[in-house]
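Take a look at this single chain, the form predicted on its own, given in structure tokens.
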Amino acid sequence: MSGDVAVVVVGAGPAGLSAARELRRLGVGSVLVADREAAAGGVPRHSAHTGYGLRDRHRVMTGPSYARALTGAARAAGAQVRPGTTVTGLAGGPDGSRLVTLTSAAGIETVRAAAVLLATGCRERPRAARLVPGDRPAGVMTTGELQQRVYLGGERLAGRALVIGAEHVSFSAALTLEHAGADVVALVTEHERQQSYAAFRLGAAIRWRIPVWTSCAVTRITGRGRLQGVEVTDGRTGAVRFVPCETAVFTGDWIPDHELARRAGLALDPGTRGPAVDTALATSVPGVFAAGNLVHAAETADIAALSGRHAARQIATFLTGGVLGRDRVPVLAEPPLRWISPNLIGSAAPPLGRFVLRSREFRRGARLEAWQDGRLLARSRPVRLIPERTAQLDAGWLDQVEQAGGPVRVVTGSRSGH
């Protein structure tokens, strides 16, 4: 046992670094941030485009400058930030503390923490996890690998490239490929239309003449040693065409990086696939909290940062003996909604005073409704539901929830009896 700290934060991305700074601002004595990457800052370190920091730092920054600002702020506040350090174990101590095992080049050590914040973020599912058949040539990657190779490694990528996906990060991948010297053939999506902002679609079409092939799926990878091309199947007609390319980038299809949470025995939410958390971002294990894209993959970096700040305030309350708990009421999202976060109602309002949701389908003018035991608690204004894009439900109705009642069900449209 190497020593005691008040809080261990696992993950030095926007959520973890923002939480560490906020914890120190609130007077928490010792905060240790551990991250397995060689440098702190998370994904923004290798996202050279602009657009970061608007909601949390109130100015627009590039990814690397945003990452440096968050890292510097956490260290200036007095948090100990340790990159190159992997948390390989999380267990309960005999006195109710958490025992955190850290593994780094310096060896293995265990620290005792009064509380732990998991901010391990999310990742894109690679080609293998998507079960795309075919050969296994070089040149097939995810957006994260692409951006690291281009912006951190300075790699150039000549030839034709195909982007699989048409959400926010897909357009970012296309921009990175153009920056690296590749000729982007198209963005391919199985959905009936692209899921990002119309401005992104228009900009890609006008500036780089990149089309978006909708209702299409990549169904085979071809290439011995090096990628030669992919088969694309039209979901409407069944027609298959071979698209020659030297690079294929799988984008989106996010999954929370929940391995540590799962091994530590935290309850996972089947919708988000991250830890189940209440509105205070407390997990099923006392003293363990979760924030950022671990609980809602994948929001923008500044939303993750604000989630980290929210968790820090709840952790500070927990450390001072404040009561976070009451009987927690489950919140369930019904089809066509995929998930809702937070997925339990606790004693606090959720981050930014709202729940975030994802839909499986495109819907225009949908109204989100919250029901408990046949009582309508809230109905939103008409919203537009888009797969891979977030919808929001204001949490002003929480005082109407019966703590001894059944789960709150969030649905689209009027469905009496819920």
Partner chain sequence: MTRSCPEPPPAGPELAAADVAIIGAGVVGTAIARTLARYALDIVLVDAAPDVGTGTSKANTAILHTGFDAAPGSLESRLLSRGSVLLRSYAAAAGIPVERTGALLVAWTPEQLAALPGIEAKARANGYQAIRPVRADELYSSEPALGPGAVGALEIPDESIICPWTTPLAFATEAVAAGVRLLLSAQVNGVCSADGGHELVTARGLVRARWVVNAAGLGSDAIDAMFGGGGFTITPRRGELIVFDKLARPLLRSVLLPVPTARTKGVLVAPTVYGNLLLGPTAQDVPDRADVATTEAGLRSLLAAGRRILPGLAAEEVTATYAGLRAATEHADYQVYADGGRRYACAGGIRSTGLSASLGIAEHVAGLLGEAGLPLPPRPGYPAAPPAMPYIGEAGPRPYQDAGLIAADPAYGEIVCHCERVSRGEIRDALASPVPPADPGGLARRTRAGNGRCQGFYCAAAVSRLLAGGPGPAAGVSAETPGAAEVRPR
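None of the values given here were measured: they were computed from a predicted structure. Positions refer to the first chain, counted from 1.
Keep in mind that the form predicted together with the partner chain is missing from the display, and what follows is about it.
Peer 1: Which one, 128-136, 313-321, 288-296, 185-193, holds residues whose non-hydrogen atoms are within 4.5 Å of the partner chain in the model of the complex?
Peer 2: Heavy-atom contact with the partner occurs in 128-136.
Peer 1: The partner chain isn't shown here, but in the model of the complex which of A76, A105, A158, A239 has a heavy atom within 4.5 Å of it?
Peer 2: The option sitting close enough to the partner is A105.
Peer 1: Considering the partner chain in the model of the complex, which of R309, R328, R123, R98 comes within 4.5 Å of it through any heavy atom?
Peer 2: Of the listed residues, the single hit is R123.
Peer 1: For D257, is any heavy atom within 4.5 Å of the partner chain in the model of the complex, or not?
Peer 2: Judged by the heavy-atom cut-off of 4.5 Å, D257 is in contact with the partner chain in the model of the complex.
Peer 1: Please tell me whether any heavy atom belonging to R36 falls inside 4.5 Å of a heavy atom of the partner chain, as the geometry stands in the model of the complex.
Peer 2: Flag for R36 set to yes.
Peer 1: In the model of the complex, does L376 have a heavy atom within 4.5 Å of the partner chain?
Peer 2: L376: no, not in contact with the partner chain in the model of the complex.
Peer 1: Wondering, does R45 line up within 4.5 Å of the partner chain in the model of the complex on heavy atoms?
Peer 2: So R45 counts as contacting the partner chain.
Peer 1: Listed by sequence position, which residues of 214-249 have a non-hydrogen atom within 4.5 angstroms of the partner chain in the model of the complex?
Peer 2: Residues within 4.5 Å: R220, R224.
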